[in-house]
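To begin, one chain is listed below as structure tokens, in the form predicted on its own.
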Amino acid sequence: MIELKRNQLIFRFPEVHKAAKCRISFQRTLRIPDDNRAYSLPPGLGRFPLNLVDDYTESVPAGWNAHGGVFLPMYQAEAMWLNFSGSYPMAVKVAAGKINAVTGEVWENELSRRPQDYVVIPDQPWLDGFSVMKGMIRQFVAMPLGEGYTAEEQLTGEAEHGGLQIVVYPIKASYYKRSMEELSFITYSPRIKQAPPREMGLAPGGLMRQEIYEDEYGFGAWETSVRSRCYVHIVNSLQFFGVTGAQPPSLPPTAREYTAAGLPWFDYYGGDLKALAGAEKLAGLDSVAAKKLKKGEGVLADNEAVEPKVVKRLGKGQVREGEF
């Protein structure tokens, strides 16, 4: 079952184990410069507001009612990252426009062992974009469907789905009872006149240092007899009012404005966890900035390179005892 509370999706599997629960939220963030330099992790600027499609059946695009799920507002060329939290291990598949964000393959509900097409909670605290090579992603950036920018359009030639698709599988209860209940997990989260609503998809943006970790529990650990799925639609923030009657969030600061204020960026250290190699299909996609140039639409606005002044290291490490 899936619940929506405080702008988070809560996935529960009480039929597997009473502790089988995780949370997924969608964080507003800086759009990092799309200049083929590798940047640290930008901060979280708060959760995107989530709304149930079923609460707005008369005003959302017609196709959304068949998919159900939730929707959120994003400005064109705005960035996001996914925040995962929970102590019960879960295998989570994430797709953008039904293109798997880890492998670049077309969406399938089932888990794949080779190549691994999912991330694992709690080992993977965040996912900021498309896995393009070992230790590197290209940031999730919202662009309108039908203009050739999204990963979906670049790989399939179609602008059909948009949004995000998520499916979650819990670990088997027997495995959890045997070896998981003594583990702990730390989560860090610092980090108009209306036209008809236009659907948005996610395109690859700037390069960021982020590892997608291998499944260390083993493929046989996952309870594949149950799963929960959610379709996360994206509507242009400027048209959000026409759908919901509520004002959208304000525009986030640019990377240059944020950095100039001396605010921190982040690097995450995953200890001994091993990283996946990245997907060749996704590595070959045009970023938003490159696609704009190819289309003859000029340069991407607010895309100046920045030099982060403060980079904080997060993640697993030893606890310092200090002095008493």
Partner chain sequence: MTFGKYIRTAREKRFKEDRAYSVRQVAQRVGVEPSYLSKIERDQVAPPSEAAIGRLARELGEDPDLLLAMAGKVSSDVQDIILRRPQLFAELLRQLKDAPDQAIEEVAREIRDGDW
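Residue numbers count along the first chain shown, from 1. Bear in mind that the values here come from a model prediction, so they are computed numbers and not experimental data.
Keep in mind the form predicted together with the partner chain is missing from the figure; the text below concerns it.
Look at 58-66, 36-44, 266-274, 288-296: in the predicted bound form, residues with non-hydrogen atoms within 4.5 angstroms of the partner chain sit in 58-66. Of the candidates 236, 85, 254, 244, 244 is the one whose heavy atoms come within 4.5 Å of the partner chain in the predicted bound form; the others do not. When you look in the predicted bound form, the only residue of 230, 92, 77, 159 with a non-hydrogen atom within 4.5 Å of the partner chain is 230. With a 4.5 Å cutoff on heavy atoms, residue 172 does not count as touching the partner chain in the predicted bound form; it lies far away. The partner chain in the predicted bound form comes within 4.5 Å of a heavy atom belonging to residue 54. Within 4.5 Å of any heavy atom of the partner chain in the predicted bound form lies no heavy atom of residue 131.
Although the partner is absent here, residue 16 sits far enough away that none of its heavy atoms falls within 4.5 Å of the partner chain in the predicted bound form. Taking the partner chain as it sits in the predicted bound form, the stretch 1-35 comes within 4.5 angstroms of it through a non-hydrogen atom at 1, 2, 3, 4, 5, 6, 9.
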